[in-house]
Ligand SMILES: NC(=O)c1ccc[n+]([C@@H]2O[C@H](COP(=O)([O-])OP(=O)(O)OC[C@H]3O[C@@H](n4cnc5c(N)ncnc54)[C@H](OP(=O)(O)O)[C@@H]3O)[C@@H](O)[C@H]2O)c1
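Presented as structure tokens, the chain that follows is alone, the form predicted on its own.
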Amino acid sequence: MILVTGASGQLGHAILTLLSERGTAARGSSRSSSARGPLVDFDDPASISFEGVATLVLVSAGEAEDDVVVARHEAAIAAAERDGVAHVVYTSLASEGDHLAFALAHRWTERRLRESSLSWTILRNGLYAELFGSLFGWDGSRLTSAFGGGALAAVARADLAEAAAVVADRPERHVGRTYDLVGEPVTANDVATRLGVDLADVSLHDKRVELDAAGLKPFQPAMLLSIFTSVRHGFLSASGSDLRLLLEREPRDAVQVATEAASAGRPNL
């Protein structure tokens, strides 16, 4: 049986749905009672049980400071070792993402898996095209961006979910593999052109001021600004073939996915 963690989140839910559509025995776990499966709280190691789980899809338990995320992943991996899980599929971060403020917990988890007694596959996921689109702003009818002229090898969330489902369904084919799941480079200008609007550049200083005033969680402004500066300065633009390899088709149009996300925030004038 396959267990997908974080099944109340968008990525985990999509992976679980795709596995079910493939006719694969799978269930989800979450801290939320809305998940299709048991409640598993990584902040409460005593609540974790992976008895009867052959393959664990460990969806990164982010949205916190590094020490919290690392502790959550340690609790999950230790429970997998204890309960006899055969294989772990971990949703990590793209190889080029080491400059991002949230990279450390991902790389720690990769190292922990490699040093564990478990069989594993690491999926180094590129940043979502949906996230890229959501990080644009609007100044009237103009699109605003702190990405400068940089590009992001963005990926549709649905493609990453499908890749994870492919690996989890036949884990024996992917033992000890690390896949870099990135798309084709997308720029702010690509999105503006697709929308048919003008584009205005925002400096990193002005974006930081905006984020600091937005009432976010304490760790979020630094995380978001690290995305802006990494894209702006060309650290997240490398494309690759691993996504096509797993999907056995061309990935979704990341520009269109990002454009739709940007358009969703467009004010009614």
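Quick note: we count residues from 1 along the sequence shown, nothing fancier. Because the structure is a prediction, the values reported are computed rather than measured.
Unshown form predicted together with the named molecule; subsequent notes refer to it.
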property	result
Interface stretch in the predicted complex with the named molecule - options 196-204, 62-70, 229-237, 212-220, non-hydrogen atom within 4.5 Å	62-70
In the predicted complex, the one of 75, 127, 143, 166 near the named molecule [non-hydrogen atom within 4.5 angstroms]	127
Among the candidates 17, 10, 256, 24, the residue which, in the predicted complex, approaches the named molecule to within 4.5 Å (heavy atoms)	10
Residue contact check: residue 104 to the named molecule in the predicted complex, 4.5 Å heavy atom	no
4.5 angstroms heavy atom contact with the named molecule in the predicted complex for residue 42	yes
Residue 99, heavy atom within 4.5 angstroms of the named molecule in the predicted complex	no
Residue 157, heavy atom within 4.5 angstroms of the named molecule in the predicted complex	yes
